[in-house]
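Next come structure tokens for two forms of one protein chain, structure 1 first, structure 2 second.
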Structure 1
């Protein structure tokens, strides 16, 4: 056993990583994506999605996106995986196209999960309270800068 540990086979290393992927997928991806689909369904039934689309159309239009893309960014702040689920839901509904997804992809992560990370990063490092609001704002600026760049590139 110990000899194996000293020089693991490449296949074993791959399987270890794939197993980590399985854990992430089952404990994070699946619950988050499922939640996102429920939220989309709720937003669609109530007509809130169309409302979000109208309200945010001018801002999102600056980076070449329909207003509904704001729903992706809002859910990204809670969960990155959930936001990807929202993207998928909107793609199938014909609201987002391939180019829109390319524009959104980096932005989802740049302002992703910041609600959780307030505890997991800022809390752990011990960041001063006065710096937390600017850090949130910078994340959102980052997301828009990335969407702007992607809009030019794709």
Structure 2
């Protein structure tokens, strides 16, 4: 049997997959989460996070969250990994608790990375520009409905 027709060994497949996973983690996930931690710390130090909290407190209060949780949703639109980093930064700062995180979790995934997907997917497949804003609005409405339901369940 020639080398071209030979099946790869399971260990080779595993190692190849592990290398690909390591590359994704070190070039995408970890930098996004680290950036989010740094941004939250900068917002805390400058007092801008308190300002965000005051502005968004009425809206976020509808779903049982402090106003600062709006920073999670803003970052979720850019990157799901970044949003997780923001959640952990706010948790570490004592702003969010376990119940808050449970309320936010579905919203992160329902509106996660929509800005990235706009360029990567919607632009590539030729989606009409006029349809993109309603798609964003639908994602945000879905996220708020999920947070409202989670607030009731938690």
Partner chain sequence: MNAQQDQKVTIGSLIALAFAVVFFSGLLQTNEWYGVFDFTTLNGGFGKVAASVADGAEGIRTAMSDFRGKGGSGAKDGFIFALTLVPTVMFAMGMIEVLQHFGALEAARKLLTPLLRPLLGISGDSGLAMIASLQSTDAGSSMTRGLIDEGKMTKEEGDVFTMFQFSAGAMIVNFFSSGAVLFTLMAADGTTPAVPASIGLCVAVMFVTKIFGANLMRIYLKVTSRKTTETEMTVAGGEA
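Positions refer to the first chain, counted from 1. Predicted, not measured: the structure shown is a model, and the values here were computed from it. Superpose the two forms; the largest set of C-alphas matching within 1.5 Å is the rigid core.
Which of these two chains, shown alone, is the form predicted in complex with the partner chain? The form predicted in complex with the partner chain is shown as structure 1.
Determine, after fitting the two forms on their core, whether residue 16 shows a C-alpha shift of 2 Å or more between the two structures. After core superposition, the C-alpha of residue 16 moves 2 Å or more between the two structures.
Would residue 141 count as moving between the two structures, using a Cα shift of 2 angstroms or more after superposing the core as the test? Comparing the forms between the two structures, which are aligned on their rigid core, residue 141 does not shift its C-alpha by 2 Å or more.
Taking the rigid core as the reference frame, is the Cα of residue 25 displaced by 2 Å or more between the two structures? Result for residue 25: yes, a 2 Å-plus shift.
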